[in-house]
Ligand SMILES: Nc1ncnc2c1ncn2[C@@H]1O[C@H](COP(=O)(O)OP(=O)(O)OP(=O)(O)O)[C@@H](O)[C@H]1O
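What follows is one chain in structure tokens, specifically the form predicted on its own.
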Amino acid sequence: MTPRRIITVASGKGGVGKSTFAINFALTLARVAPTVLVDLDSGTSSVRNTIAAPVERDLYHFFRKGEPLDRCMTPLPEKLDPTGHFRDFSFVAAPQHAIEEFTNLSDTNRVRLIRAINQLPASYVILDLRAGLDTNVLDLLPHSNSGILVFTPHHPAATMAAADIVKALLFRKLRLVFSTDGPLSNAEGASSQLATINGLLDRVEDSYDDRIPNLDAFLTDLFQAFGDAPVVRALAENIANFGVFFVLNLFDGVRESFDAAVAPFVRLLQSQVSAQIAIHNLGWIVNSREVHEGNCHRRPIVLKTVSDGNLRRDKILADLEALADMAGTPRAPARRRSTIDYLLSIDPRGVLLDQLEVLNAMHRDPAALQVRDNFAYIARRALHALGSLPPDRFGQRQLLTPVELCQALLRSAAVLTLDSDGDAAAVPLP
């Protein structure tokens, strides 16, 4: 068995509950299919400190002793799972103490780790990445989506940092797709267009240059310069197909969470990246002492019995209705748009209305009331995304090294060319 999907969990800043979410999310998925959680947070060994399980082998043994990664998997002991409901869960712990091979991954060790993760015997592999954004994080994140980002209304800097992760991921892919020797270089007339695109991408990505504020303005300029050219269409498709998935931790009321986290996150993406990116709110985790107590006792909340929730449904409903009134009535269902519509029909307000609809749906689900059940709701939404979206739209089927990513783009990217009648047609690369 090799993984059906590898899902990263990341955050731009520490202190938002990323590892707590990753642990409980992985435990919940294990009720559905074999799931392995890999602790790649080199800052702390938070997973082993949150699960009271004896660890015989960890990433120290993988890097220093040559142990296969699947022999470093630790299952739950019977005292944590007496009923066996989570028998399909296991985790790979970070080293107990800092080691250079893990803290500062060399290219060789990074490739070795990627190969080993791709061979783990599980349906789902959850990667708990360290906070922030560097090469060791970026190379493990997907190229067509964000994985799962975790932030909270109580840490505004983390919300901004999560938006920075999305920007870095999308620009990394665009740089590869539109490189002068990349997958679009064989398109007719692409050489000069690619050079122009890369020069303008430099300007868009530069936060100190506000002449082109985001990719939507960039696309508008390109469309005016080149018309409905193949590379312009390809750029629009790559932006529109990029998926952002997030979880709101420490939720303490709809209005506070919407005003302090969801709306700022969406607006940052709209202003600095693109208003056309698909944004998916997978759910919230209510602010509860039970989660903290579970961590302190090294028994994650998902493993505990249900207790009464303290979140009042009527208060949530009042907040949702007030926010909906302020935002206006929801727009009509989205329709498939052409390239021209994509460039000229940007509706930033609609994205926020979509997020309100998600909050409404979450509120109507009984799992919204109980912190333990929040993870069940998030897992259901994640499984739905895995089953309904294309394989590269949420998570990734396997981790790719930078070289393999370039090769994959060359093999699978579709180059838009003009047929004999002058109509656009997709021609797969050899």
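Since the structure is predicted, the reported quantities are computational estimates derived from the model, not experimental observations. Heads up: residue numbers just count along the shown sequence, starting at 1.
Quick note: we don't show the form predicted together with this ligand, though the next part is all about it.
> Of these, I165, A122, L141, V291, which has a heavy atom no more than 4.5 Å from this ligand in the predicted complex?
Replying inline: Going through each option in turn, the one that passes is V291.
> Which residue among N109, N238, Q272, N295 has a heavy atom within 4.5 angstroms of this ligand in the predicted complex?
Replying inline: Going through each option in turn, the one that passes is N295.
> Which of 75 to 83, 257 to 265, 244 to 252, 272 to 280 has heavy atoms within 4.5 Å of this ligand in the predicted complex?
Replying inline: Of the options given, it is 244 to 252.
> Can you check whether T159 is within 4.5 Å of this ligand in the predicted complex, heavy atom basis?
Replying inline: No - in the predicted complex, heavy atoms of T159 and this ligand never come within 4.5 Å of each other.
> Is there a non-hydrogen atom of D58 within 4.5 angstroms of a non-hydrogen atom of this ligand in the predicted complex?
Replying inline: No.
> Would L174 count as a contact of this ligand in the predicted complex, using a 4.5 angstroms cut-off between non-hydrogen atoms?
Replying inline: Because no heavy atom of L174 falls inside 4.5 Å of this ligand in the predicted complex, the answer is no.
> Any of the heavy atoms of N287 lying within 4.5 Å of this ligand in the predicted complex?
Replying inline: N287: yes, in contact with this ligand in the predicted complex.
> Using a 4.5 Å cut-off on heavy atoms, which residues of 12 to 40 contact this ligand in the predicted complex?
Replying inline: Heavy-atom contacts to this ligand in the predicted complex: G14, G15, V16, G17, K18, S19, T20.
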